[in-house]
Ligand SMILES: Nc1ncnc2c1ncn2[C@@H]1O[C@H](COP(=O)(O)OP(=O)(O)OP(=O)(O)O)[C@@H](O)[C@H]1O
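Take a look at this single chain in structure tokens; it is the form predicted on its own.
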């Protein structure tokens, strides 16, 4: 079942197109990662999907409802944490959570239970009596995310939820999100930390210049765009190996800790066999070796770079045709 479905979705501001005829589909009970560089159209897309702004064209269906026709019904079924800080400066942490539950008409017993659960889950117990104005930016962000879980929802939009969090708090939040998804929640998740997306997301879309340029699972994105792997071979003696490595691919040699040959190849097994044969034929001992697959961050950078090149080419073409 699709939780989110957008077709030919666009949003323009005058002559600027922030979102350019995108199609999106998000399955229920999944974590959907939405990645892109700054200014790519991520936040505008979230505002469209959460009914905060109206599209210039296209359709949006959220939880089986036409978002344009039934925005209030949609809002009752979703949660939203945007990038912008949002907190009540004069309220304590626990009062902020309780107030949010009251705004959503959560009954008093459930409110109390959820406040305690969230204070523990987000490691906020020691600061529960402190005012939001007196805690750190990272702590405020944890409160901002935690309070969204005070109410029941079927779909949660998280726009850069871990900004300002230390590694421990970040991992705790990601694990909490995973647990909620196992209970049936669907997450639409944006981040600039690619390790988070790889750890968390079932499917990922990459947007640039307002257009979706890739959609797939993290593993399939690697298969499509990350065939090249990195091979590192640590050899026993620091000598000039450049002359004997001709023809094995593109490589670098470093001497930081002994001598390390770093080779990049789309056919890692064949390249590794070849380099080991060459080293063995020249009586060069191998102390250690590793084959490192391309990371999601490298995939992201490659896909965005290709998109920028294509976009720049179109701009140049359009400019030429205008003359």
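What you see is a predicted model; the values in this text were computed from it and never measured. Residue numbers count along the first chain shown, from 1.
The form predicted in complex with the ligand exists for this protein as well; it is not shown, and the discussion that follows is about that form.
* Which residue, 154, 203, 160, 117, has a heavy atom that falls within 4.5 Å of the ligand in the predicted complex? -> Looking at the other structure, the residue within range turns out to be 160.
* the ligand contact at residue 275 in the predicted complex, heavy atom, 4.5 Å -> Taking the distances in the predicted complex, the answer for residue 275 is no, it never comes within 4.5 Å of the ligand.
* Does residue 296 make contact with the ligand in the predicted complex, using a 4.5 Å heavy atom cut-off? -> Although the ligand is absent here, residue 296 would stay clear of it in the predicted complex, with no heavy atoms inside 4.5 Å.
* Non-hydrogen atom contact residue 37 with the ligand in the predicted complex at 4.5 angstroms -> Taking the distances in the predicted complex, the answer for residue 37 is yes, it comes within 4.5 Å of the ligand.
* Distance check, residue 301 to the ligand in the predicted complex, heavy atom within 4.5 Å -> Result no; residue 301 lies far from the ligand in the predicted complex.
* Which one, 25-33, 39-47, 62-70, 282-290, holds residues whose non-hydrogen atoms are within 4.5 Å of the ligand in the predicted complex? -> Correct option: 39-47.
* To do: Given the ligand in the predicted complex, answer whether the residues 13, 16 and 83 all have a heavy atom inside 4.5 Å of it.
  => Per the other structure, all of 13, 16 and 83 touch the ligand.
* For the stretch 165-194, which residues lie within 4.5 Å of the ligand in the predicted complex by non-hydrogen atom distance? -> Going through 165-194 in order - heavy atoms within 4.5 Å of the ligand in the predicted complex - there is one hit, 192.
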